[in-house]
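So this first bit is one chain, no partners, the form predicted on its own, shown in structure tokens.
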Amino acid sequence: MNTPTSNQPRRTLLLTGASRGIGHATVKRFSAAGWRVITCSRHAFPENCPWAMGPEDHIQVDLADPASTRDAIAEVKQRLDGGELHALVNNAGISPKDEEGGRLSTINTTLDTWQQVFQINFFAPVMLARGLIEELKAAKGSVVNVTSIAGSRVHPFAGSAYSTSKAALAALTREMAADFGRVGIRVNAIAPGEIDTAILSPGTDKIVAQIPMQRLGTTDEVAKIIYVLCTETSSYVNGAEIHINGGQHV
């Protein structure tokens, strides 16, 4: 691991969607390597979280609201106090369901839902990266966008708004890699498949039966790849989308 030494300043990660699942595992992975982790989520900092500096490095933000997102960018700048931002991980995302918990299709998704999903899943990542570009440039930092296997195929559980927002985020990753790469910032994406989190849709076992590795992925397996994309191990990786799905896409 790239643990900071006495000659290397402590590195800083800004992570959205930190309160559970992949985000929670990512906080633990980076914290264990000595990074400062500034977390963002819709919720206040929970007392039972495992990292000591959490309350002081947590920002409550509604990424569905552009004004709230801009306020969060200003807050991050203030907390960095002119310092560098070594990594931005855009992990926050929503996938609304219907009243019975079922999949929302292109036919029954309201326009308001489409707009909310795209604001969180697509617009917030580029707003954050653009808003913090100077801090990322100073560190020659890395941006990681969390897309999904649902962005490249119709998924039995993920709704249409979610899937198309993740497909758009994959395209955005390529565009950002071309633009941000010229100022020394690498931009990549990870596309998780079926990951074992607290919330799994009924019928997931049928999908697992079709995965070559015959199991769900773990949140730590995803967090480890995020970590690699934010360190020198991946110093010439730019514009990639890494699939983390046990071969589900083959």
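This structure is a prediction, so every number in the text was calculated from the model and none was measured. Don't overthink the numbering: it's just position in the shown sequence, from 1.
Another form, the form predicted together with a small molecule, is not on view; read the next lines as being about it.
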### Query
Pick from 171-179, 73-81, 100-108, 158-166: which stretch has non-hydrogen atoms within 4.5 Å of the small molecule in the predicted bound form?
158-166
### Query
Any chance K206 has a heavy atom within 4.5 Å of the small molecule in the predicted bound form?
no
### Query
Applying a 4.5 Å heavy atom distance criterion, does A33 contact the small molecule in the predicted bound form?
no
### Query
Contact between D57 and the small molecule in the predicted bound form at 4.5 Å, heavy atoms?
no
### Task
Evaluate I211 for contact with the small molecule in the predicted bound form, applying a 4.5 angstroms cut-off between non-hydrogen atoms, and reply yes or no.
no
### V61, I185, V37, A223 - the one with a heavy atom within 4.5 Å of the small molecule in the predicted bound form
V61
### Query
Which residue among M127, I133, A139, I94 has a heavy atom within 4.5 angstroms of the small molecule in the predicted bound form?
I94
